[in-house]
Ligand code: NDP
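Before any questions on how it binds or moves, here is one chain, the form predicted on its own, in structure tokens.
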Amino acid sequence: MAKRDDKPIERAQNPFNFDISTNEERPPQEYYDRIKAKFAEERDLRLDYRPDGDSQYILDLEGELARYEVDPYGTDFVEREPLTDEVEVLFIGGGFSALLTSARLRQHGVESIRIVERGADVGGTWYWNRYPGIACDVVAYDYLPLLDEMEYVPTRHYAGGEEIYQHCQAIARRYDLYDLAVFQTTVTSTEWNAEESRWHVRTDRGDHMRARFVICANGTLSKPKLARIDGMTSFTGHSFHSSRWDYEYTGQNLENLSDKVVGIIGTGASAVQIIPNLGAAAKELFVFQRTPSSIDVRDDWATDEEWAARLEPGWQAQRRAKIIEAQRRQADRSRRTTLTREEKIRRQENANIDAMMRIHKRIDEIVEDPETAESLKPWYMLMCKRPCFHNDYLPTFNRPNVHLVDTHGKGITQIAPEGPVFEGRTYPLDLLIYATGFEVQKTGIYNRIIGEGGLDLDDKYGEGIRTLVGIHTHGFPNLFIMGGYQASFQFNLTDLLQVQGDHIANCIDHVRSGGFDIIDCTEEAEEQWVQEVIEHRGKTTRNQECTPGYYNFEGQENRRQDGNYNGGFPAYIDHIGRLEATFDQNFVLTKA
């Protein structure tokens, strides 16, 4: 078992301090090796404390925990008769995946499109997550899809959640997606009927719909999860998950918290945006941290109206093309380098460490209490966890009413009726917020998917995920998956969804225009892609060296094919282009 000295390092004596910005010479390699060893030490501590991987989370919120998943926004439940009709294309989920793919299908003349959504409206992530301070952490001009088609320019460099949600609604109206949509409805089973060449889709509302094509668009991070903590149900105060924010309790502007003691478990991407607002509003705030996030500068500003007025039609597509071209040039430079693989990895690691140490330096400059500053420093490579950007998060810990409870990688493992317990101390709270994240990239969240011959998709994936470009899977004809594993890893997810949506629309158009009924990828094409994923996942040591998190299956050993494709986004785009150029070699197209 690794041991930890919990005493904070004196800043003047910190052996990891080397100010890159004020030194002309590069640090010696020994400096980088010491930091990398510290990263490994911190990772091992996390694994020592919580070796149970994904089982440390509660994914199926049942019984007393079911309330953490209840929709607080769709308060007016709409009664309706069960549906038994047929549509051409059915989307499971109503977020950006469904919206942007539907737009492309409309351009191909597909009229019969139905969205089946668990929430009371479209929006997906932006429907469910409405916590105070929510905003996009990717530049809005790149993140919001279909800006050219919608003739819209975001109002800020980083758009707020409400603006993004309204953009989703505008897309649905523009492409007449509300006409056939059904909301407050959860798909429970999707089963292929070979005799009819149709998918039979059943829901928790008694629906039994049929669809020619089904697109799993249920989102990358959509189902809330809770940390497995003893005594959760004994807490006598108020509590909720961050993705089900209870404004009735907090007040729309958190005004009801002025006399409340509030606690929040989690310091990930959602919590980083929430905590500054809680710190400003609550009588007292306790932040329970297991692993700190990296916090960089958030350069935000209102969109310049003159710049927006000068934009020409197609500006977003041109902007996106320039970004991808820059990625291609970078990949080409990497291929042409004379450095050995080991030298290349060493150089990349050192640059990554430089970036993380600059983040550490910013913490020292902002956070006044040395012990708190040390606790807020992340000890892992920058992309081991989702990087965060915020200007008010670190200063919040200078407030006298805000208290960081650093659990040193252990996490909160007990909750008493009064509140969380750590190292024998109970923290009495009026309100406890769980910012504990979501189930990641699961194709069938509430939905059992049955393909040809009665094969359950979960059973097929039991020996390892098998797809073609993360979208198709053999034996599940006319089924498409968006945002799942074996697709390219993208920080800006909508770039990936746009590429996938275009491809799916092209596939469906190819089937329809060619007079076919069914499209299924071949086993050979699927196997080739599985091997491609395995080969390129070999370029990363994220699973072995990163601190545990959802990026690396909580540090657990996993099958090499069960993850994202790490060969680069331009290469992923090229793979899809080759598939479409050689349909007959990769797909079986048949008539019923």
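This one's a predicted model, so the numbers in the text were calculated from it and none came from an experiment. Numbers for residues come from their place in the sequence shown, where the first is 1.
The form predicted together with the ligand exists for this protein as well; it is not shown, and the discussion that follows is about that form.
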Checking Ile275, Val214, Ala435, Leu105 against the ligand in the predicted complex, the residue with a non-hydrogen atom inside 4.5 angstroms turns out to be Ala435
The one residue among Thr291, Thr250, Ser294, Thr101 placing a heavy atom within 4.5 Å of the ligand in the predicted complex is Thr291
Check your understanding: Judged by heavy atoms and a 4.5 Å cut-off, are Ile115, Leu146 and Met209 together in contact with the ligand in the predicted complex?
Key -> no
Given 455-463, 88-96, 471-479, 379-387, the stretch touching the ligand in the predicted complex at heavy atoms within 4.5 Å is 379-387
With the cut-off set at 4.5 Å between non-hydrogen atoms, does Gly266 touch the ligand in the predicted complex? yes
Distance check, Tyr49 to the ligand in the predicted complex, heavy atom within 4.5 Å:
no
TODO: May I ask you to check whether Cys521 falls inside a 4.5 Å heavy atom distance of the ligand in the predicted complex?
DONE: no
Close approach of Ile412 to the ligand in the predicted complex, 4.5 Å, heavy atom | yes
Contacts from 135-162 to the ligand in the predicted complex (any heavy atom within 4.5 Å), listed N to C, are Ala135, Cys136, Asp137
